[in-house]
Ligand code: ARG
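Okay, so here's just one chain, in structure tokens, the form predicted alone.
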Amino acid sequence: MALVGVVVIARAAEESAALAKPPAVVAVRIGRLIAPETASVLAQQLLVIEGDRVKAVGPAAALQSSVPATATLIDLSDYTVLPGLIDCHTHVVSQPEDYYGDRFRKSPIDLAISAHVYARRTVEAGFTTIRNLGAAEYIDLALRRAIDSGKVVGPRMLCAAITLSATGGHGDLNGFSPYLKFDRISGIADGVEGVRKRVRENIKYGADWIKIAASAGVLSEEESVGAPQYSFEEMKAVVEEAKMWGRKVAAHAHGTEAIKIAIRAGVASIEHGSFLDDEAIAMMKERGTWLVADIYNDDYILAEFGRMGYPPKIIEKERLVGRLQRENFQKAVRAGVKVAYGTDAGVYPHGWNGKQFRHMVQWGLTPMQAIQSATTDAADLIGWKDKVGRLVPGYFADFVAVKGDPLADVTLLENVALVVKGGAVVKDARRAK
């Protein structure tokens, strides 16, 4: 039976189209399909979607007769298609504009009212799933509910809610008068019992992951950029408590010793990993700890954060981290450490998530490996390897399309032409060509 119909994506009003429901059956003609699960490229494929799931995928000649005549057709014969991308480290509810203004002239209401804008930019960039590692006032949990209910447009979200931080640590307000206080939901926790309670509170309100600031950081006013800020006993308690509730832990960790403490404590992923040494790399490989290294945003911080009023000490900390983080990422890749794609989006503008692919290739991954880090490998880390990251029957029908070959030019993933999430088109830039 011949395929009939042409997909028509009209936006009489932006929101009505953005929140459109997927057609009952969609057939997608694909010129080239990147299958990250097998590291292969398949020509002339047909993807059949029923509702929000993949029903079938295979050679077009073999599947064409099984597609009903009423199916909606998306013709991507001239495009390369790959699964929806996954960013394992975002902060989707905010992005910096002014150092002091962001802290002292905005309330959580300002963040909440604009979060949906950043969520839309993220999914329209091709990132149909994200792991959001930290947000004020449980705003990420509210955003996730709004997306899941169809009220706003955005990616699938796994959320860590409020980051756990030691007093005076990376998640605390440092460098100001002790009389300056905010009445807010706090992630500050000290001691074994203190961190256990914070884990339980996050989970109580819906956190999927727990994030802990294991070390000092760049964009805060502690003196150090990487000193440990939790003891082994405290980090171990966080991991054990999270495990008891069926959750895993992501550790913000720049410094060498903090990375090693977090690995020994049993965290699932090391975020940033700037000062990895050979011993830490060996520990990560032995224990299967994931590395999620944000190796793009150094460029943006050094170019823009001075203009936004960030203190010179913060800029100088970034100068210490930037290139060394990339060099140590390269060492970890060569050693065979598991790598998942994570950008720290929100440090730089949302929607730019794809800019990191170029850097990952420059610093050691092949283009296919970089794509795997944002599809199959990312899905494995976040615990959704049976739902997302590949286009096979039963998985969510999430995919992106680009004109050209991202295996030859990975920067094509910085500006995808088509984004489909759960069988519904959320972006189609082909009409502008």
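Note that residue numbering follows the sequence shown and begins at 1. For clarity, every value in this text was computed on a predicted model and none was experimentally measured.
Another form exists, predicted together with the named molecule; not displayed. Remarks below refer to it.
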Is it true that 291, 330 and 359, all three, sit within 4.5 Å of the named molecule in the predicted complex, judged by heavy atoms? no
Heavy atoms, 4.5 Å, the named molecule in the predicted complex: which of 79 to 87, 155 to 163, 129 to 137, 251 to 259 makes the cut? Say which one. 251 to 259
Taking the named molecule as it sits in the predicted complex, is residue 266 in contact with it (heavy atom to heavy atom, 4.5 Å or less)? no
Going by a heavy atom distance of 4.5 Å, is residue 218 a contact of the named molecule in the predicted complex? yes
Applying a 4.5 Å heavy atom distance criterion, does residue 284 contact the named molecule in the predicted complex? no
Does the named molecule get within 4.5 angstroms of any non-hydrogen atom of residue 321 in the predicted complex? yes
Identify, from the list 301, 111, 239, 207, the residue with a heavy atom within 4.5 Å of the named molecule in the predicted complex. 301
Can you tell me which bits of 267 to 290 touch the named molecule in the predicted complex, meaning any heavy atom within 4.5 Å? 272
